[in-house]
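Heads up, what comes next is one protein chain in two forms, each shown on its own as structure tokens, labelled structure 1 and structure 2.
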Structure 1
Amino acid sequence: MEIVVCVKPVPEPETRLRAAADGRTYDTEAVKFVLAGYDESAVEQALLLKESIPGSKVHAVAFGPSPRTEEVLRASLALGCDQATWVEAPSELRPDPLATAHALARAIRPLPHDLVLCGKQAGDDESGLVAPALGELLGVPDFGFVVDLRWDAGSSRLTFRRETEAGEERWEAPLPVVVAMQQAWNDPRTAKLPAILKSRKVPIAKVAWTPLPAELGPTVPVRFELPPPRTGAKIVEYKTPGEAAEKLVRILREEAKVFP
């Protein structure tokens, strides 16, 4: 099976972001970028399928500026991906999901791809739009919020579950298909030092960025601002869970006035 996995660099979750000078986006200076959390599950799922299906290969593809995009691709190679392709983007570019999907689709089309895996959403914009747009651009079905993705050799189909607000769905799907992962079989693995060192020497294919046609025009962020700081927090000291519950109920009733 030829598997393509799309990855994206996002700010480390513990990073304290601040607005950029234009007030429209966040400032990327002094921000550490890492592989997006759900993308880690997509990479892990790709590697699990590779290990379970003889002859399979995994190709990591990313779109973004230097150096952070190259770093997440090398992190993917260190985890076990076989090849990597980087769609280069100008450092000043702030692509929207549609522009990202177009850039990824342009890189993926010439590659062998039975299965395209993505994270269900990225940790910076939380849009969840790239995978469905990618499916549309590649002309194949797409499924989101997927867990427990497996290959059934007998039927030559993928089997998986989707966790939705309405309940759990069970699906079968033929190839090719785009799948947005919520969770792989296992927790994402950690790269070992020899693999990290080896990944530094692997050549990465590069694809030049091509702007979207004018009629598709990019969406433009209007404003970026942090939520107001929280105030009024109160620490409840206690020795037993029962004492904690009693104090909390009293505070909610007498001070917060949420109980009659």
Structure 2
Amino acid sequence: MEIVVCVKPVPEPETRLRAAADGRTYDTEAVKFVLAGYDESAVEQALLLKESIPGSKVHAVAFGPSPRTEEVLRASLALGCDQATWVEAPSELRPDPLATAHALARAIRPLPHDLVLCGKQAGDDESGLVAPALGELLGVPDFGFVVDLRWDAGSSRLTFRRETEAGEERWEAPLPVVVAMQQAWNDPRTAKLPAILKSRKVPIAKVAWTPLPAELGPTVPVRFELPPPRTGAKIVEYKTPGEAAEKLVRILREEAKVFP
């Protein structure tokens, strides 16, 4: 199976966020970037499939600026991806999920792609738009919120589960498909040092970036805001559990107004 996995660098989850000087996006100065959490699940899923289907290959594809995008591609190679392709974005380019999908689609079209795996959203902008847009641009079905993807060699179909409001859905799908993975249910592996060293020597293919035509409706960041810091809980004083319950319910109804 020829598997493409899309990866994105995002700030480490523990990063202290600040607005950039122009107030439009977040400040990337001195921020450490890592492979996005849901993308880690997607890479893990790709590698699990590769290990279970002889002759499979995993190709990591990314769109974004230097150096962080190259770094997550290297990290993906170190985890076990076979090849990598990078669409380098100009460093001043502002994020736009649809433009990202177009850039990734251009890179993926010429590659063999039975299965395109993505995270369902990235931990920074959480747009959740790239995988479905990619499905449309590649002309294949897409599925979001997917867990537990398996290959059924007998029927040549993927089987997987999706958690939706309807409940837990089970699906079967022939290839090709785009799949956006839900949470890190699969406990992603970490890279070993020899693999990290080896991955540094793998050449990364480059695909040129071209701007989207303006009529495609760009998304322009206008403001990035942090909420006022939470000041700490108001501790409810009480003598008996009954009093604690009574006081809390009264607060929730009368002060916080959240009680049904």
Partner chain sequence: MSARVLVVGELRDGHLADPTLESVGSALALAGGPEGVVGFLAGASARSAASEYGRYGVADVRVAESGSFDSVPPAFLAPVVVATASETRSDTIVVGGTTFGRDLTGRVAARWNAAAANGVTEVRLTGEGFLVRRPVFGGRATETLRLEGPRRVLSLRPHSFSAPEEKPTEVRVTPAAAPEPAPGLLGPKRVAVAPIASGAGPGLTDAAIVVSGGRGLRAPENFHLVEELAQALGAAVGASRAVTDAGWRPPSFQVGQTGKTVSPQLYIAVGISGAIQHIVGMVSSRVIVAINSDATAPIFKVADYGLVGDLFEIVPALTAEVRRVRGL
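Each form is matched to the other, and the largest set of C-alpha atoms that superpose within 1.5 Å is called the rigid core. Keep in mind the model is a prediction, meaning the values are calculated, not measured. Numbering runs along the sequence of structure 1, starting at 1.
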Deciding between structure 1 and structure 2, tell me which is the form predicted alone.
1
How large is the turn of the smaller rigid part against the larger between structures 1 and 2? Whole degrees is fine.
44
Taking the rigid core as the frame, how far in Å does the Cα of G232 move between structures 1 and 2?
3.4
